[in-house]
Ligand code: SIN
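Only one chain is given next, in structure tokens, and it is the form predicted on its own.
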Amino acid sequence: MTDKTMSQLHLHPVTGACGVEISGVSLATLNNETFSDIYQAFLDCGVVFLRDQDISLDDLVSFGQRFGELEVHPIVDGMENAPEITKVLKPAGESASFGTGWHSDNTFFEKPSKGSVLYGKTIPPYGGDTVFANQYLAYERLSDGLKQKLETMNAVHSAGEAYTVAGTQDKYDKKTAITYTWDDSIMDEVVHPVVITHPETGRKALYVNDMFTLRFEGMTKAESQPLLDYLYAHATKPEFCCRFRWSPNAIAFWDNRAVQHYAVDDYQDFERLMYRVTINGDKPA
């Protein structure tokens, strides 16, 4: 994609792999025609970035609801008066501990998230970027033989490892900036295809991630790990990625069915405050 204009929007591709930055729009005064164009960019590019959006949290919720029904996360605590909003605060002097690994949001759900909207308010002077990887390309660049094999396979996903690693107990004890509530579903396992077909674009995408995928269905973890390790490394190759440098009042929203993302932890000295809403999805096919 090259820079182009769509209605009153100006679209600026971030890399050749994925991501587009849109200018010429205000979410506070968004009409249906403009949202339709934004949604098309979301489908085409996997992740969309908007800067200089000085909006309220109510506006953030309203924008997220244009994509679909918003989730209330069963584990990560939402805001007291707005449980569909996650306050993503990383205090100065601490390491980041939320989203700091390659993943697609909530693939341990029976119906994983359709997408997420992240709004940046307090941004460090440097660091704290978010990286995205195009999973259409990850699938398309596999050999024909491996594609054929993977299309017959399913994988087991769970929150059981990601939400019980060292350091998470303080989150359950409400001692951290981002807190968790224990839910027995954390240990549940769900099965999804290794290759999914996007329900709106019809394109095939690789659908395993290092954070939530445990093993292949019908195989042990030890048997699964060599191929999973290969797929994790392949899926996040630099040539499949774009990297977003945040600025105050910037917004990123991404298609969970088409991209993975990674929150870079390289700003320990600085505070960062974001707000996130997540959109309910459907069972992958």
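We number the residues from 1 along the sequence you see. Model, not experiment: these values are computed from the prediction.
Keep in mind that the form predicted in complex with this ligand is not shown, yet the notes after this line are about it.
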Work out which of the listed stretches, 95-103, 148-156, 182-190, 202-210, brings a heavy atom within 4.5 angstroms of this ligand in the predicted bound form. 95-103
Full three-residue contact with this ligand in the predicted bound form, heavy atom 4.5 Å, for A17, R141 and F240: no
For I75, is any heavy atom within 4.5 Å of this ligand in the predicted bound form, or not? no
Can you tell me whether S113 touches this ligand? I mean in the predicted bound form, with a 4.5 angstroms heavy atom cut-off. no
Check L118 for me: does it contact this ligand in the predicted bound form (non-hydrogen atoms, 4.5 angstroms)? yes
Spell out, yes or no, whether the shortest heavy atom distance between A263 and this ligand in the predicted bound form is within 4.5 Å. yes
Could you pull out the residues of 254-276 that have any heavy atom within 4.5 Å of this ligand in the predicted bound form? W254, H261, A263, R272, R276
